[in-house]
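Quick heads-up: it's one chain on its own, the form predicted alone, in structure tokens.
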Amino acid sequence: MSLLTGMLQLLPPETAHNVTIKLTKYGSPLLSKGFQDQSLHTNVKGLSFSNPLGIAAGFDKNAELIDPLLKIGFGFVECGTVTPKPQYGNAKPRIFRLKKDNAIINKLGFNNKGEKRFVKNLMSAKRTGVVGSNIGPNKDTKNFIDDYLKIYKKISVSCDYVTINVSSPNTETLRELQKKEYLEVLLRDISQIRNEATNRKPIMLKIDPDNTNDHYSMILNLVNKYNIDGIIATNTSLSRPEILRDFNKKRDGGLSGTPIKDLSDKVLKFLYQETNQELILIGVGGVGCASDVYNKIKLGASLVQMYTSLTYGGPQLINKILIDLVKLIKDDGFANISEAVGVNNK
């Protein structure tokens, strides 16, 4: 951990995040360049990734850090969650560090500056890599599904892929959209809009880690029925594993970081086994080192995202993971990372 990262951890979590945003945005010329190696290059759904490691939604909520995040080593950036109208989110304090557990609990509630600012930032970025947009509804809207359709039309033309976030635990009743009767309407209508577009963009569905295999099977059936391109597994968790030691463990919100790694991996493993390798999977949850990334890839993820571990490890963690990942690939005799997808889950 660098001195700067250590100093940021002395600040309240949300203050530290806002300072990090400003340092990343305005200090980008000083940022070191990300590690590159041909063995990490991969192609997914016609998109070319310099490496399979991306930053998960939640860090760059307003699409203002795309270029610096790509510069420091991420193979792709997922911005958002963005909603049609700006919103404050839930009351503060709403981010809690669990230092003893290398984890965070957040109950932010889709705080963001809205779609107009988001699209403006997307359009002004140089975008030397893949950029995704994570979309959600405003919490006070009369119809969640209408919000998704509205913002999808606005956002999809300006990014490389779109993620439908129906799994955040911090917007009241949002996870109800994962029920069959609601999810079918949402996926049917959004796929129809996509199919009518001249420039078809991949659609990902982000799901939670707290459900049953029967529930995930239902989701897979709908994803296949409406030709959704992939699934992101998983969002934060409402569970509180017994291994948690930090005094903040009883806070309300979604748990992320090391304690949910096994939970997320279990979902990822099931999805890959059920899809016959036909669906794009992005693994996220508990990624803190190269072996965590590699394990998700060998379980079936074509791409992997991280976020929480950066809070504790700082930006230098990105290059360390990429360098170590190359070593892991070569030790297994692979020429390219794509050869490792699903090898431990067939």
Ligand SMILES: Cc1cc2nc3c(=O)[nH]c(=O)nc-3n(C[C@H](O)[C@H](O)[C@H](O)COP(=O)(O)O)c2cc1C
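Numbering starts at 1 and runs along the sequence shown. The shown structure was predicted, so the numbers you read here are calculated from the model rather than taken from an experiment.
Although not depicted, the form predicted in complex with the ligand is the subject of the following passage.
Novice: Please determine, with the chain shown alone, which of 62-70, 31-39, 303-311, 44-52 has non-hydrogen atoms within 4.5 Å of the ligand in the predicted complex.
Specialist: Heavy atoms within 4.5 Å of the ligand in the predicted complex occur in 303-311.
Novice: In the predicted complex, is there a heavy atom of the ligand that lies within 4.5 Å of any heavy atom of residue 83, even though the partner is absent here?
Specialist: Contact check for residue 83: no, nothing within 4.5 Å of the ligand in the predicted complex.
Novice: Given that the ligand is not shown alongside this chain, does residue 257 nevertheless sit within 4.5 Å of it in the predicted complex, heavy atom to heavy atom?
Specialist: Yes, residue 257 sits close enough to the ligand in the predicted complex that at least one of its heavy atoms falls within 4.5 Å.
Novice: Within 4.5 Å, heavy atoms only: does residue 77 come near the ligand in the predicted complex?
Specialist: Close contact is absent here: in the predicted complex, residue 77 is far from the ligand, nothing within 4.5 Å, heavy atoms only.
Novice: Considering non-hydrogen atoms and a 4.5 Å limit, does the ligand approach residue 231 in the predicted complex?
Specialist: Residue 231: no, not in contact with the ligand in the predicted complex.
Novice: Go through 104, 151, 268, 205 and name the one with a heavy atom inside 4.5 Å of the ligand in the predicted complex.
Specialist: Of 104, 151, 268, 205, the residue with a heavy atom within 4.5 Å of the ligand in the predicted complex is 104.
Novice: What residues of 54-74, in sequence order, lie within 4.5 Å of the ligand in the predicted complex by heavy atom?
Specialist: 56, 57, 58, 61, in sequence order.
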